[in-house]
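To begin, one chain is listed below as structure tokens, in the form predicted on its own.
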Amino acid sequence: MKTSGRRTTEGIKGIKQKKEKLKSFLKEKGLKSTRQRDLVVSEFLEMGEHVTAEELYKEISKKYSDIGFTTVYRTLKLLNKSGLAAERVFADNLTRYEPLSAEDHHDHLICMKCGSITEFQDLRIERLQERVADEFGFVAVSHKMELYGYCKKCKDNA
């Protein structure tokens, strides 16, 4: 499943900062920073898209035969716990991971035919959601918006 929208690859500076944040997180949790884990993180951040553990493993195994699926899966879980990745489960019920920063909130348009995911941000929608929550006396901590339908390419080819 390919992602389009704001981000296709992380800048080198951004990747370096995220890797440093992960190293601090691992140290704080008493976990080791290993070569294999570092390679998985680099590949994941460079892909910069919504990816399943299986998809990431396939890409990594092309370059590094010594990295197993379990290492990929556990590294993605660590990235999620550290706040550097978000787990997303869309209508196909596959768990996907996407690189994330604290200030990186966005929503998704998901094509039900080709599976493409387009990320978008709209401050008007965000403000409206805050207003609705306020009107109900509700304190929103987080949210996700997923719109399902057909992308331009699939809609035009129907």
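In this text, residue numbers run from 1 along the sequence as written. Please read all numbers here as calculations on a predicted model, not as lab measurements.
Beyond what is shown, the protein has a form predicted in complex with the DNA; the following relates to that form.
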- Query: Looking at 109-117, 24-32, 122-130, 42-50, which lies within 4.5 angstroms of the DNA in the predicted complex, counting heavy atoms?
  - Reply: 24-32
- Every residue of I67, T70 and Y73 near the DNA in the predicted complex, heavy atom within 4.5 Å: yes
- Query: Are any of the heavy atoms in A91 no more than 4.5 Å from a heavy atom of the DNA in the predicted complex?
  - Reply: no
- Query: So in the predicted complex, does S61 come within 4.5 Å of the DNA, heavy atom to heavy atom?
  - Reply: no
- Since the partner is left out here, which residues of 36-54 would have a heavy atom within 4.5 Å of the DNA in the predicted complex? Q36, R37
